[in-house]
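Take a look at this single chain, the form predicted on its own, given in structure tokens.
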């Protein structure tokens, strides 16, 4: 037996923490994972990814949004949708996901310790739960995740002025809503409430939203959100939010005043490290509570690792899972590959967006010659069947070696479809593979063949002018 209670202690049971704990357990190590009883599964399962995406599915179903192309703009599955209708599905999914997480940890003999962890020294943690206990570990992984950043000058009241976690606890669907911040979370919630018939105003200090995405696709999203009565106020700063018994008035620096039943702030995320007593472990977080890591997710203390949202970009559940697994492997000398460079980005707006690889702006800045291949859902039989006439898939193809450089999807199943392009790019495939491949018919995946043919026809036309 070693001097420590555990070979590995993981702080936080979100995607990164789960995978770190299970990976170490599979290597035969003694592992404990520490989290509060009501937060098993982490922010991802309880207040973040899973609840918001489940809410989105409930909104799409109950509003009949995806069927309106076929049955008309007034089509609805349920006429008067309540918060109870939306949360019934959300709570069911959260409950099942928590069960799955607990079962996986139990099956792999990972001790789940209920409480809040605080460092006593670099190897020792005090756990404050129903009782106080102290445990030590040879290696430690910090996977505490993040919480919504709350500007100090804003008076959050959990009723009229809310953050992106509290929005899930509203007692009723507001008739009007101001969303402050046009980042991923802000735009996702803006689109959901707009689909429910809420009048949404989005206020953003920057001149654009989702600047890392393809501009054509962002413009398409803005068009559809405006069609749902969303108003955008770009280049505007909120200076005051006044609250009374009937609602709120948001005042902008330009003098505009926006009345609404509620205001949701989406002002970024803050690392949940303030309760860890990091200084006792020889660690320090930045002003947003995030931890800096080097290769293999090692912090400045060589036996302590940090993974997931608490280390910053890209702050995705998918990447956090792999970060946790790779950190655990490195901690115990297990050979690993680096995290793949090709990582898909999914934005669960209505309609959804997903992409992988380079954008046109990046290729243009780098002077990489490319051609575009586009497929419109309205040209696909599956698009007509599903009632999606606005979706599109765009391929960026190298004109020198015909490899795929990027894939950008907007519309139904975008976050699923992107993985076909990701796989082709990851294997070094060319557009010719997609031209020659046979896809099931009718499917959305057929868009790859349509877009590939479009790109190759353009490249062929260019080759006729070669000297």
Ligand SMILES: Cc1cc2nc3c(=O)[nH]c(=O)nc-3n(C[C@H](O)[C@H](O)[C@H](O)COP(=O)(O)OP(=O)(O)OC[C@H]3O[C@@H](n4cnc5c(N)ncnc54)[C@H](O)[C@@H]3O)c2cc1C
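From a predicted model like this one, the values you see are computed outputs, not experimental measurements. Residue numbers count along the first chain shown, from 1.
A second form of this protein, the form predicted together with this ligand, is not displayed here; the remarks below concern that form.
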{"item": "Exercise: residue 117 in contact with this ligand in the model of the complex, heavy atom 4.5 Å", "value": "yes"}
{"item": "Residue contact check: residue 201 to this ligand in the model of the complex, 4.5 Å heavy atom", "value": "no"}
{"item": "Close approach of residue 218 to this ligand in the model of the complex, 4.5 Å, heavy atom", "value": "no"}
{"item": "4.5 Å heavy atom contact, residue 318 to this ligand in the model of the complex", "value": "yes"}
{"item": "Single option in 388, 165, 111, 97 placed near this ligand in the model of the complex, where near means a heavy atom within 4.5 Å", "value": "165"}
{"item": "Residue (of 424, 55, 32, 43) lying close to this ligand in the model of the complex, criterion heavy atoms within 4.5 Å", "value": "43"}
{"item": "Option from 309-317, 360-368, 130-138, 81-89 whose residues, in the model of the complex, bring a heavy atom within 4.5 Å of this ligand", "value": "309-317"}
{"item": "This ligand in the model of the complex - contacting residues of 176-193, heavy atom within 4.5 Å", "value": "185, 188, 189"}
